[in-house]
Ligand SMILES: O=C(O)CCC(=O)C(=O)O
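Coming up is one lone chain in structure tokens, specifically the form predicted on its own.
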């Protein structure tokens, strides 16, 4: 899709503060990857994002999940919340972001984005291990996952599935990253732990129906 087609500015973010959140108009920069994968990166796509971050921290009913790991049940190292396509989202900016991303990518994707997943990384001990969103249709078909990053910046790493050199994106404060093509099948991504002092970050993931 050409840069001229990008219409990201949305008036649907309602906020009483003077620093009203607003989406940028410049098209993301696309980076082709191996095996038919690609990523679009748009630093600072959402201005005024810190106010949205604060509202989500306060208003979302965050969930502390657990998982089975061998013989033990361990805590998932981040807080989460998932919204289905018919669920009301906790902030107008998430609704507007989903609409803007759907409008921009619909011709290429063949559909709009439907669900929204939130991850709250409270500090450097919170993380997500190497994985791809390969459950559902993305297991054997190309798709897209768009990530809007709020709060302090954390590295998101991508590497070919099976191992290899990684690519690093530092995401925070309204940055946008879209993983497309075969990316979920042929590449893995992660947010690693760090011992450095880092502030909290929220990742909002927009996915089409049947992808997670």
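On a predicted model such as this, the values are computed, not experimentally measured, just so you know. Residue numbers count along the first chain shown, from 1.
Same protein, other form: the form predicted in complex with this ligand, not shown, and the subject of what follows.
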**Item:** Location of this ligand contact in the predicted complex, chosen stretch of 117-125, 136-144, 87-95, 101-109 [non-hydrogen atom, 4.5 Å]
**Value:** 117-125
**Asked** Taking 4.5 angstroms as the cut-off for heavy atoms, does residue 156 touch this ligand in the predicted complex?
**Response** yes
**Item:** Partner proximity in the predicted complex: residue 191 to this ligand, non-hydrogen atom cutoff 4.5 Å
**Value:** yes
**Stretch 191-212 - residues with a heavy atom within 4.5 Å of this ligand in the predicted complex** = 191, 201, 203, 205, 207
